[in-house]
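Form predicted on its own, single chain, as structure tokens, below.
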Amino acid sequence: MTPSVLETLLHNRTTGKKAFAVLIDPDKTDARQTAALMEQAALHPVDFFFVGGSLIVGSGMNAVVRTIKENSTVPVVLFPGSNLHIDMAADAILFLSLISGRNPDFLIGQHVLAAPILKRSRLEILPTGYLLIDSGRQTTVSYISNTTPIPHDKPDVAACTAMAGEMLGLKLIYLDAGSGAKQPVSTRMVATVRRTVDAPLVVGGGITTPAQAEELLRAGADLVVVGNAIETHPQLLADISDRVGEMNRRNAEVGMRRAE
């Protein structure tokens, strides 16, 4: 039986395996471009495909999801900007509660509208504490959600917010600098949050190099998410995949030596 997305992330958390997700924005990627990404992912493994965005104005979500499902066995996880961004052909959905902000619509309002639809679906629901982190410029998600991101240099605020989210029962914690971020979440913030929560830690936004991805994973992220940079530089998918794979091979070798 194929493990669920949450089971996979929890197992990775226990074993120390790191993961890589590609975020595909349906407004910026058509079916042809998605198929090209699938070809790359067949050669350079990706753990998850996230599909979504803060503001989806076109009708391409279904085409993107179905193209992935037709060409890959990698789980497709919806990354919704609202209760309208639901596609039943996906495998799972991040049920995002924007706990870094104080806008009730993104804390619970959108969820109330989506709940009856999701209850009838076969989608795996992933309750996620979503924290926006300041990246040096206003991002689409901060504008749409009308919330103020946690300051880049306030790791303790992020840690306490993540801790509260975990205590409320949220299963994942997601630190996001936002699409088009000027800089990624700091390794100091990732390390601080990692020390305070046990839930799998997802980090995205502003990651533009394999070195940045590795630094965040070494700081304590369990999963890094890269989107905009791959849209601009498709080779980055292969480069980050290879770097994460090498990290996992080295970690596995160290674990085997310790067990001997």
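No experiment lies behind these values; they were computed from the predicted model shown. Counting begins at 1, following the sequence as shown.
Beyond what is shown, the protein has a form predicted in complex with a small molecule; the following relates to that form.
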item: Contact residue in the predicted bound form, from N228, T192, Q40, Q212 (heavy atom within 4.5 Å of the small molecule); value: N228
item: Segment that reaches the small molecule in the predicted bound form - one of 29-37, 214-222, 198-206, 61-69, heavy atoms within 4.5 Å; value: 198-206
item: is_contact(G178, the small molecule) in the predicted bound form, heavy atom dist at most 4.5 Å; value: yes
item: The small molecule contact at L23 in the predicted bound form, heavy atom, 4.5 Å; value: yes
item: Distance check, F79 to the small molecule in the predicted bound form, heavy atom within 4.5 Å; value: yes
item: Exercise: F106 in contact with the small molecule in the predicted bound form, heavy atom 4.5 Å; value: no
